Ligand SMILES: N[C@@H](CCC(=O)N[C@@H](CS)C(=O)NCC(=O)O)C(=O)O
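Taking the form predicted on its own, here's one chain by itself in structure tokens.
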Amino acid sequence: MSTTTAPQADTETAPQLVGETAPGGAFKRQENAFRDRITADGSSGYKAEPGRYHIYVSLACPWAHRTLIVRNLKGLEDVVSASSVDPIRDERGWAFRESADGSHGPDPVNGFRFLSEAYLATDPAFKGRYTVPAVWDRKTGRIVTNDFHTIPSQLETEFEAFADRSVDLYPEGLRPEIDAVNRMVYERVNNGVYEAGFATSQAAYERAFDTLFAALDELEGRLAGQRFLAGDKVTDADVRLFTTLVRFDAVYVGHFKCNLRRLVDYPNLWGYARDLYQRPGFGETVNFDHIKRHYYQTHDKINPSRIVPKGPAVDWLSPHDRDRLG
């Protein structure tokens, strides 16, 4: 275990979304602070090596979730370690706490009590929200990257010497199409639900709401004639959309007021989401308890009572009929 130490976060001056509201009440996500890259040849200063890196995740967070899915699909569980924080985040940020079911626990790498300690060990002057996923480098004792946009692609492409090469989530011939789909999905769906949920004005909420459901309608049409978003196999694009879809009815419809339609009201998107959920690497990484407790018990301004809904009753294992598309 590393003996790295860091200053404790200021528990009185680290509110959750400071500086992330734009004029007019729109949610503006903070920039990712650490953007170094892990490369196969080490030319970046961070070489892809077994046992060197550890990913701090939350099972509640869609950005961290897609990192876990990619890690599983590529067979990198024994190459890149990972551990989860407690799903309840307060003004101190994500915390490492024991759990009765083993779904989260103490930090196995550094013994940190809060994820903020990893951030402040990397940059003592860091100001902002402490986010997951964050990739820790055991060799240098710092966070390499918390750039959730690029962490999946680094796992997909830079660890091939240790990965399952039969799984290609980012095939070269499809990269332009995958990148285009990912941009649309991120801007209008992945981040779109947050822009609706964290809006502080009616106008900003309605703009985000309309943009989100227009995008879902487009994706519903796209998936009417093809099984996956790009090509004829699961790719990075499917992973990125899935982590929003799997949270949609459980939290975004009610908690974030994204209630024009539910996921189950879209025949193609709902079948597509179940098709992915029932595949190895997807459903096994979903933890609805963490997802619901995090959203409903962390965002006090949205849900002051902190009551977690018991529903919805959704059968993720029901037949999806997507194999008819090949």
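In case it trips you up, residue 1 is the first one in the sequence shown, and so on. Computed from a predicted model, the values in this text were never measured in an experiment.
One more form of this protein exists, namely the form predicted together with this ligand; it is left out here, but the text below deals with it.
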With the partner omitted here, the residue among F162, F96, F148, Y205 that in the predicted complex has a heavy atom within 4.5 Å of this ligand is F148
Within 4.5 Å, heavy atoms only, which of Q30, N259, S44, Q278 is in contact with this ligand in the predicted complex?
Q30
Does P62 reach this ligand in the predicted complex, with heavy atoms at most 4.5 Å apart?
yes
Is R89 part of the interface with this ligand in the predicted complex - any heavy atom within 4.5 Å?
yes
Y130 versus this ligand, in the predicted complex: is there a non-hydrogen atom within 4.5 Å?
yes
Against this ligand in the predicted complex, would F228 count as a contact residue? Criterion: heavy atoms within 4.5 Å.
no
If we take heavy atoms and a 4.5 Å cut-off, which stretch out of 285 to 293, 44 to 52, 270 to 278, 62 to 70 is in contact with this ligand in the predicted complex?
62 to 70
Of 193 to 214, which residues get within 4.5 Å of this ligand in the predicted complex if you count heavy atoms?
Y194
